[in-house]
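Just one chain follows, in the form predicted on its own, and it is written as structure tokens.
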């Protein structure tokens, strides 16, 4: 985690967030990068190609896709509406429960060409990702465009069907970073119209959140748990201001679609549960990592978390954990740090849409993987 010199920020907390879309007119994305049915070949997403005419503001009523969040799109077994693709529903992997999905966040610390060349390190990263249905990745830092395709080749070498969504390079210095979502297409589908980067005209964030909408792949898609994922990485030199801005971003995403109230913000916040400021004071907000649980490899900081609105996201099962790379893979601290200075954090959710009747999700139950 490299600290960057901050530049002066434009004033004003009630900033305007413009949600920009990175999908192509075909509905499938960029040569395979957004559509699990296309081959993993083609140009990396670099530029914003389109944006909505309506600007989203705090407390506003604008939507991201008109009257319905489920737009017409490709249909196939186990799919409906905007969640495209034609991958048939398959039996869940024996590694994960059939009626649950495991969502994780992992800062892979300067993930680029150098780390990709380290066989032992990549073996651990591949094994980590295979434990989860979706992993939000932070700190992809490379000039090359082949980092994620190379990782997919490793992940899928034994027959898995992982794919990824990746955002543009972001940052205020020459050392820019990208966010990504890596997901098991046998278990998860996404809405191609939903993939984008939140704009920040007020320049309050070093790296604007990367967002996409997902749901489990089931035989009854209309009953499946659908949700936004908001991938974020705050700047360590400006944490109070950035987590305050994320509170606004979270609330904007809650109102982004009229039929979607599940927003899961996750990533490297550089803050523990007591340092979340306005984000932690949103009524009904819950974070899974707490109680003096450390998330960095040196085990002295709680930087990473998974956050949602508990009365809405009743699908949270109460199970969560921090994957200790040292104990899980029998590594020394030195070798674990070669993988990352962060541990992955994860939470478990039901695959079916839960009742939203004001019931607060159960008290989190920590678990280890």
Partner chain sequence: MVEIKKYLADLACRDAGVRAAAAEGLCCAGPDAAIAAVELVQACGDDDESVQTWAAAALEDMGAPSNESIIRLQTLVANQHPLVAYWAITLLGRLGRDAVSCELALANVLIASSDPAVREQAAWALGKIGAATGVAVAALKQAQESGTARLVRLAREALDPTNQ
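Positions refer to the first chain, counted from 1. Since the structure is predicted, the reported quantities are computational estimates derived from the model, not experimental observations.
Note that the form predicted together with its partner chain isn't included here; everything after this is about it.
Trainee: Decide yes or no: are 100, 166 and 324 jointly within 4.5 Å of its partner chain in the predicted complex, with each residue judged by its heavy atoms?
Mentor: Verified in the predicted complex; spot residues all out of contact, no.
Trainee: With the partner removed from view, which of 190 to 198, 223 to 231, 285 to 293, 169 to 177 is the stretch that lies within 4.5 Å of its partner chain in the predicted complex, judged by heavy atom distances?
Mentor: It is 169 to 177 that comes within 4.5 Å of the partner.
Trainee: Give a yes/no on whether residue 113 approaches its partner chain to within 4.5 Å in the predicted complex, heavy atoms considered.
Mentor: Yes, residue 113 lies within 4.5 Å of its partner chain in the predicted complex.
Trainee: Since only the chain is shown here, I'm wondering whether residue 158 would be in contact with its partner chain in the predicted complex (any heavy atom pair within 4.5 Å).
Mentor: No - in the predicted complex, heavy atoms of residue 158 and its partner chain never come within 4.5 Å of each other.
Trainee: Taking heavy atoms and a 4.5 Å cut-off, does residue 259 contact its partner chain in the predicted complex?
Mentor: No, no contact at 4.5 Å.
Trainee: Would you please decide whether residue 182 lies within 4.5 angstroms of its partner chain in the predicted complex, comparing each non-hydrogen atom pair?
Mentor: No - in the predicted complex, heavy atoms of residue 182 and its partner chain never come within 4.5 Å of each other.
Trainee: Within 4.5 Å of its partner chain in the predicted complex, heavy atoms considered, which of 299, 96, 118, 130?
Mentor: By the 4.5 Å heavy-atom cutoff, the listed residue in contact is 118.
Trainee: Even though the chain is shown alone, can you say which residues of 237 to 263 have a heavy atom within 4.5 Å of its partner chain in the predicted complex?
Mentor: Going through 237 to 263 in order - heavy atoms within 4.5 Å of its partner chain in the predicted complex - the hits are 237, 238, 241.
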